[in-house]
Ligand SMILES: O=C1C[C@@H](O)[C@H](O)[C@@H](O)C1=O
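First comes one chain, alone, set out as structure tokens in the form predicted on its own.
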């Protein structure tokens, strides 16, 4: 054994984090950038003391809400293509419980983040301490057990020497493209301050090598045969294309063999929207062009995708009688989906090796690609010019609100602006290399359909979990990853109310973010869902007890925090605010009042949701019958 270093468990943790490196494609960089923390009685005297004594190169940020700061860490990892992370330290009890939502977000998106929630006393002598839960069936259960099902790796440290094995195991998970996700290491609060003689070799520089998984010759031969036997193959670009940095390979493959691209939310902007074969987002929030192409396809080449229900329109986007699937994915589990041919490999490596094997092959999509693009471009142009009328107005989400109700909203919000019109105005005005972030509500649908990303990797959507409240916290993480670029949080009023605490953190640390708040006074997306399926408008609008539409001054809230604010209810005001916001050094918020039911809708897609089988409403009865018909049509019933 080597020399020993006597230090506390928390001090050993911080020293270890400083020595972790990742090696990809010949590039070696530190893996842990820093740590977000909110100090409480479970961590301030342990991890807090260790950071104050010697944080090393770790940057330390004081969060305002545990979920919020964790979302910032998750967004940072995503923006860095999982090659850099932040750790997150919380107190015990409610502090650690607040991590559960963020852990679910990271797990659903396969994003690495290190959670370090404090735990109860290992000795159990002071129990029950403040904020400690008690269960009659076991003294070992703590709040942190709630994190087990939403962690990729979970452990509890009740002795200092346990730290060594659990950290090595945790970082194996954090740096594995297949298993990447949240790692939770709960450290008993008395153990954080307990000393131990650690072997100094534990603190030597540790390099985690991430080698690209190569396809086998058998997989390549099978993939070649399947593509050659298809007439209209379609490439589905998933988030794995971004993480693999396979943009150039996807473009080259698509151009050479005339195969169109469609995108998932995670894959959007891996290849620019301006690429000639890019038909945009597919599925429930997809473009008409992409969804029509999916109907025509006899082979779907899914690259780095999980085939979620939104991407596949609940498995109704394809004709399973004639459409086959070729799945390129580092995860064997994901590659097995839809009974596809599995190529368990890195996307960049697989496409590079397939590129020359198909010489002489060309798909039959041909002129269909520009025809589909032209049709969708015309629809997008129409949506950019939607004008509200006081009579005879037909909203995009049709047959929901009467003209009277639409007029009521226009009067209450003092705005006639449509959401699609405002969003496209934003797209046309901000700098092309700016990065946008969103997550929940109706905006992700509008963004996947309407947003044109002219620079790759400028579209950041958390849609694996679609977690309300990610938008502003995520913007902070993205800004930390891209300090020289403008970052825009595109958020609805519902998500803003859920969580916007890290706007204060952004202001505190001079990390400029721009919040674009689309306010339609309600949970508009879910209101559409309930009314689409025969229900009335029930508890999704923001109305007072006497049924008045609420008009909240969100700009005043942000102004009180210290942000530069704007109120913009016309396209001209939106563009002027955006131009002025570019000149600001401080974080900004642009409040836009937009009318409900003016978001995009439909486009040859269907979503399988739970509908009441028995109801006294005819509309619900019709919705249930449509569900049965769609399931029969897709052979799922």
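Residue numbers count along the first chain shown, from 1. All figures in this text were calculated on a predicted structure; none of them were measured in a lab.
Another form exists, predicted together with this ligand; not displayed. Remarks below refer to it.
- A heavy atom within 4.5 Å of this ligand in the model of the complex is found for one listed residue only; from 76, 463, 171, 115, this is 463.
- This chain appears without its partner; in the model of the complex, the one residue of 526, 146, 338, 552 with a heavy atom within 4.5 Å of this ligand is 526.
- Contact check for residue 280: no non-hydrogen atom falls within 4.5 Å of this ligand in the model of the complex.
- Using a 4.5 Å cutoff between non-hydrogen atoms, residue 607 counts as a contact of this ligand in the model of the complex.
- By the criterion of a heavy atom within 4.5 Å, residue 441 is counted among the residues contacting this ligand in the model of the complex.
- Comparing 448-456, 518-526, 503-511, 269-277 against this ligand in the model of the complex, the single stretch with non-hydrogen atoms within 4.5 angstroms of it is 518-526.
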